[in-house]
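As a starting point, one isolated chain is supplied in structure tokens, in the form predicted on its own.
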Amino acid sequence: MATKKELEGEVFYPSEQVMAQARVKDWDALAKKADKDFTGFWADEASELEWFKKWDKVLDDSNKPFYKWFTGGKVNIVHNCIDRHLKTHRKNQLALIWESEDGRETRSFSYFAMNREVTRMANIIKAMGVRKGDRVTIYMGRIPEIAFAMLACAKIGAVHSVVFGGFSADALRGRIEDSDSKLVVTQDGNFLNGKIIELKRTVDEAVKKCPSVENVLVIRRTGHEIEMDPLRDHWYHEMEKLPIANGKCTTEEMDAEDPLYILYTSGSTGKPKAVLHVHGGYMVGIYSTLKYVFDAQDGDRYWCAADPGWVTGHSYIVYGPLLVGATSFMFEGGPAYPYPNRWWQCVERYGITILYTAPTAIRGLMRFGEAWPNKHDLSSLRLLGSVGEPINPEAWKWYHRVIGKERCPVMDTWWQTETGMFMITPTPVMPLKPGSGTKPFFGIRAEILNDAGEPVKDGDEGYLVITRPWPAMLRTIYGDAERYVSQYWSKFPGKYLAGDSARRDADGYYWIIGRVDDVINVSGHRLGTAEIESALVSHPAVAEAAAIGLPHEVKGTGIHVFCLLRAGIVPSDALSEELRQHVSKVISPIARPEEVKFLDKLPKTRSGKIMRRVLKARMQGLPEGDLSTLED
């Protein structure tokens, strides 16, 4: 068990300026009020948004754990993201600013222009035969059209499934098949680190075995030559000139519980889980969390440096900033191409006030030292944020000191694809401890339990659970309600199992330790061990495989794999490199192992389960624990 000093560390207090600007100055008062009447708190938050018809009931818990929020309410998230702003001073305010990777192109859109672009995209998607309830797969990079496509689907009541533009054809095909998508929206290619990522070619490969796909809509970005199937593929820039694209498009009136999107997240076993979110509760949750945690106000230039292909991009690049009426910045490239000052150039050029990114990016930029950020004027920044994995105290303090110049509080947020919104997070007025996400958000209750379901003592590690429902929670796993119950609600009935281990200190601050299951968090990207092992076994040289995550200086966690080779295959450095490349190709470059080790035998239980914890302990020189169930 860690000592009190190790747990609590240093405390950073908000400045007078931060306190003066903050929307909520008395965190304790609002926290107590929301805890006492959490449905009342969420009803008040929902009332700040516009509804076609007000709800009959805030929370329907008659069929636990299939909770419903704002039942009877009629709404559409796009009405609140765009339509309602057109009646206010925000009509001509910038909604989105975009810069290309090389910095030679910039595009900006007012709320009025966003409406025009989303309406046009919605008309084109409707012309492709997509109707309310149909699924649309979006496979793109960081360009404005990814946001237009998501919002267009939501506007007409279609359900979008965004697949990160780094996934392979096999991974993309599996997600298209599972969602039974009718349309795929993509682009010819994407720029990344000066190279073209072949998105359209990957789509072509994926949809060969996807009979549900009727059309592929292609946005021109790179301009390089690609194949176009004349019966299936359509250039967006040609479609938008047609009369069908340029009429009005009414925002569809949706039930609060109607599906908004599905997003695939890796599980420790089996295929990735299709997490389902809905219009009403999700909208209220992300609106409230962004409003309070990042204190978003008129005049803010907000930059969430994630990818729209992950939940962070859904909630806090596309939907959240538009709901609060912010000006959002989107950057096509990565943090260090062509030089490690690329992000700091953007902060200076656009006067970014809020920067929200992942610890892996912070650690990566730390490696280049302080000279790069110090070349730039970062004085516009007023708040910083961290997401995707626990941030180590050293990175937190570097971020706070070098980027925030000790003026900017760091909002370290814990949440998941499944939660939809921030769950454990500070607000700007809270004292901060580097490495801690502080306390549960208003109205949220969390506990840390042992295997018997009993709360552990402060300072002890245990399972993190959420003990009552929240509006932005997933409603189910698409097409697999049974898995939803078994995955999240069966270990501790009535309590949501987050799958993370955590501890709480004497001040009530939560410290997330990491995954308790076999999901590896690489640079904030969750990858299932089963997915990685399946990729390895698909190579003709490999008979069996095991994957584990070990601490990595930059990525947080790096993938290490162990392989049993088929008879007659000789281990070699060349084969090791070939297997690393193979995993990269089958899943994604993100999944590329740091190391491949060849073994004669894997540690297994008598029932045949690989004991990954034994491999993990052995690699780190730690005690291997109870080996009584070990086969040999």
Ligand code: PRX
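Please read all numbers here as calculations on a predicted model, not as lab measurements. Note that residue numbering follows the sequence shown and begins at 1.
Only in words, not in the display: the form predicted in complex with the named molecule, which the text now covers.
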> Using a 4.5 Å cut on heavy atoms, which of 438, 312, 251, 360 is close to the named molecule in the model of the complex?
Replying inline: 312
> Among the candidate residues 308, 524, 549, 259, which is the single one with a non-hydrogen atom no more than 4.5 Å from the named molecule in the model of the complex?
Replying inline: 524
> the named molecule isn't shown here, but in the model of the complex, which of 554-562, 295-303, 383-391, 143-151 has heavy atoms within 4.5 Å of it?
Replying inline: 383-391
> residue 288: heavy atom within 4.5 Å of the named molecule in the model of the complex?
Replying inline: no
>> So in the model of the complex, is the named molecule close enough to residue 531 to count as touching (4.5 Å, heavy atoms)?
In response: no
>> in the model of the complex, is there a heavy atom of the named molecule that lies within 4.5 Å of any heavy atom of residue 239, even though the partner is absent here?
In response: no
> At the 4.5 Å heavy atom threshold, is residue 515 in contact with the named molecule in the model of the complex?
Replying inline: yes
> Which residues in 209-237 have a heavy atom within 4.5 Å of the named molecule in the model of the complex?
Replying inline: none
